[in-house]
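For reference, the chain that follows is the form predicted on its own, supplied as structure tokens.
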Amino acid sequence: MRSWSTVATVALVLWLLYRLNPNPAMVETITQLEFYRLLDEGKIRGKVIRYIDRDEGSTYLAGERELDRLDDKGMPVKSPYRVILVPGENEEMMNDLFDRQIDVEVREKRSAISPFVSQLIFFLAFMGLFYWFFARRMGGEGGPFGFGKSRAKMLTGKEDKKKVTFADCAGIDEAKEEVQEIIEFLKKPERFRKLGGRIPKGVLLVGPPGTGKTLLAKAIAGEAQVPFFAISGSDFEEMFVGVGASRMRDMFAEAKKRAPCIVFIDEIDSIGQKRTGAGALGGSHAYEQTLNTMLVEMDGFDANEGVIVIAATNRPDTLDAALLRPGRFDRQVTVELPTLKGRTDILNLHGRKIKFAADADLSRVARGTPGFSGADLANLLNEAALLATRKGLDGVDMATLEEARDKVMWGRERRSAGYSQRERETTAWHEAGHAVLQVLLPNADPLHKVTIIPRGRALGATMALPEKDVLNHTKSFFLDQIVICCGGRIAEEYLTGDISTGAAQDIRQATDIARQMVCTFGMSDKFGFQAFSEPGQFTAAELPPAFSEATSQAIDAEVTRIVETAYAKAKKILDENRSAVEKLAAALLERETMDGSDVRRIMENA
């Protein structure tokens, strides 16, 4: 808005100078002979004005005349003219015009500014406007000559309305403790210098998406109340080589002017990937220039005192080793998925702006959302608020919270999906097979809910939730998971005597678990404590472990054995509990959705 007001002001000044200019270029000067010819032809229209210019010491006539061409409406085109009067002939010409009965008005013209000063101001104003447009607008961040300018956005860290502090960060207590000394350094750097300590120049925040890495970086700046530069790694790259390196230098130059400060680079893996070397296949000279510039700026010949670089990534394994050495990113802070207590704190934090009903229990929601990140939990509460609004509730109740959780985890219910009664029966038996095995197998997670209402792309779903956070899974757990995957198809055969495509996802999941047990986790009786990289699990710089074709065939055979053994176990258990499967399927056809306690009650009475 300010830039447009500047343009309007300069344009107004130029217009006023133009109006004050005593010799406008648009007015054509004609001779007295030409003037008399136009008078004789009747082409002098309107009043003739006699100007007496005291500044120039001259007198001239001005007015409008008709040209020898017509406009679009067929009317003669008019044009301004000026006739310079020769000294000594003024009175004679005025008498002649009086005899011809031409109306002449006498005006005295005196410019408020001398002609020289007027021309000089006009020139300087024009050059100023030219400089503003090209040097600032064209050379700025969005201009065509601003490629090398930094795109980092700066926050002062002292704005009360938008300031983020540790009070806004929940579920990452360990990470907050680890960066606490950085805040102390930014507040009181003399304490560290007195004892000879050196604060880390760079902090790398590592963790899954949505865990709060960017929020933690903002909180560090908010707590320390220092300038905060924020930029994404992709903002350094353009179609022109060298632009990224120029922007990196410009960003650090701006940061050094405002030290102590924090520079935050999000998704640094886009510019910090491992260098492949000159001439190597897949090498990119452009992004390596940006990376090299960053390495020098962080720890090179020039001092970089008071500028702390914080970067975030969820792919630390792809970063170049030079970035991670001491003196650059010499500290890694892991921001993990929140635990049960962390999820409860996050839900309470985001729930401050939401109105809940009396039966809403956020701790119960936290127990039912293992593996959720902070962003997932915020999305869950938002979905619950939207659902409650559509229902017309006065507050978000527990049923709405659970519905929102199921929607986020397994997809939205598709009650309008039209499928036949036969398909409903097949789906009910399929999910009953999964549910019975989920309850009976000792190493499986507790059954949470089973439904035959389509969710996402599935026609039904059997949902299990762990009672607490699980960091490590056992071989027995994986084997039971494969058995549960087999239960749906086996139960379908009880009803139809045939098989369908409904078990496609179960088959894929069972095969993937078995292959990971053999190739990754060392849980195979045949291969034992060994790992085998699968195709696509390695980069060009890391060749996979060499194993023979015979070993590959043995791996396939071992995977087949594990799945077939699990299938046989699932069939044996369901054959022994067929009446429970039948009663549960009938109950699902009637009620469509049942929770774990209802399923267990039916199985006890079967």
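These numbers come from a predicted model, not from an experiment. Numbering starts at 1 and runs along the sequence shown.
Note that the form predicted together with ligand ADP isn't included here; everything after this is about it.
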Query raised in the report: Every residue in 437, 482 and 568 with a non-hydrogen atom within 4.5 Å of ligand ADP in the model of the complex?
Result: no
Query raised in the report: Does ligand ADP get within 4.5 angstroms of any non-hydrogen atom of residue 214 in the model of the complex?
Result: yes
Query raised in the report: Is there a heavy atom of residue 202 no more than 4.5 Å from a heavy atom of ligand ADP in the model of the complex?
Result: no
**Report entry** Any non-hydrogen atom of residue 350 within 4.5 angstroms of ligand ADP in the model of the complex
**Finding:** yes
Requested in this report: Examine residue 210 and determine whether its closest non-hydrogen atom to ligand ADP in the model of the complex is within 4.5 angstroms.
Outcome: yes
Query raised in the report: 524-532, 503-511, 394-402, 169-177: which one contacts ligand ADP in the model of the complex at 4.5 Å, heavy atom to heavy atom?
Result: 169-177
Query raised in the report: Though ligand ADP is not shown, can you say which of 346, 388, 248, 365 has a heavy atom within 4.5 Å of it in the model of the complex?
Result: 346
Query raised in the report: Which one of 378, 360, 459, 463 is close to ligand ADP in the model of the complex, taking close to mean a heavy atom within 4.5 Å?
Result: 378
